[in-house]
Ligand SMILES: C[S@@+](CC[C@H](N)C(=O)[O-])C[C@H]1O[C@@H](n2cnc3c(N)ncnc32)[C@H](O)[C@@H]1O
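Form predicted alone, single chain, as structure tokens, below.
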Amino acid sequence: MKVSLLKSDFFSALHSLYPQEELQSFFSLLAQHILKMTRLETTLQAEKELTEEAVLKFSKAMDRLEKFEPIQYIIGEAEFFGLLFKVNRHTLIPRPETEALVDWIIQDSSTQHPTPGTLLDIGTGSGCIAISLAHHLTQTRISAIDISSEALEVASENAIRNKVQVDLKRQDVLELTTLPKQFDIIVSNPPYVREQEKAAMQKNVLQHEPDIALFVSDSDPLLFYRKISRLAKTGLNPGGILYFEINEYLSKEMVSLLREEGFKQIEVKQDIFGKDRMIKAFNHA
């Protein structure tokens, strides 16, 4: 089969499920991953004959796309903050909103004197936050915890892949009474999607990404934030900063929660879509 026919079959099979622009992106990613061809090369070398193995791999990828499996899981990696991360069904797919959180921490750290010496990422998943920060904040000792052993295995591989040192440990944050040591920064992107919001979510997220990393009950959507804030009160050094990614609909509730826990200088920041997505607060205890 030639590249041109493969591309035609790909678009014909999936055109009713995805927008044209998204299909073009999927095809380019798969061509890079399976055929080792750039988007330009698939056009310039449209008559190139492909191996049976390559066509079979493409066919299997198409089957997975028909079941709305995320393209990042199919190719096994995702880009985040300029770095490549291995991802699988045990980890959330890193998102652009979280890149903004990482950027906020890096920008803040560049103006702090002295620069932060220790940082903890709670619920690290693929390690995208901790590893990206370790890549840029080279003088900061970075630790990360997660409840999932499988996610931590992925995070460990990603730390090696991106040539950084992160101290990774398995821990259920809801079972902790204190943190093992003091930190200058604590950051978390915990589960924050309420069950009631499922109806508005895409099939590729609902059917394939790990529920444990996404959802909280409607009755107590700030469960993780409350727990982490209380741990941070004693686990942050005086003047230390707590950063969260948050549910866009619950920013006012988050401000109230942090005030009640005694945090000061609370700031909400919007993402690139103009939604309340991040919050930071100082520990002056």
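The first residue of the shown sequence is 1; numbering continues from there. None of these values were measured; they are calculated from a predicted model.
Keep in mind that the form predicted in complex with the named molecule is missing from the display, and what follows is about it.
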**OP:** Sort through L92, I186, A134, A78 and report the residue having a heavy atom within 4.5 Å of the named molecule in the predicted bound form.
**Re:** L92
Original post:
Which listed residue (I74, L179, I147, A100) meets the criterion of a heavy atom within 4.5 Å of the named molecule in the predicted bound form?
Top reply: I147
**OP:** Select, from the options 134-142, 106-114, 156-164, 169-177, the stretch whose residues sit within 4.5 angstroms of the named molecule in the predicted bound form by heavy atom distance.
**Re:** 169-177
Original post:
Any chance L120 has a heavy atom within 4.5 Å of the named molecule in the predicted bound form?
Top reply: no
Original post:
Is there a heavy atom of F68 no more than 4.5 Å from a heavy atom of the named molecule in the predicted bound form?
Top reply: no
Original post:
Does F224 make contact with the named molecule in the predicted bound form, using a 4.5 Å heavy atom cut-off?
Top reply: yes
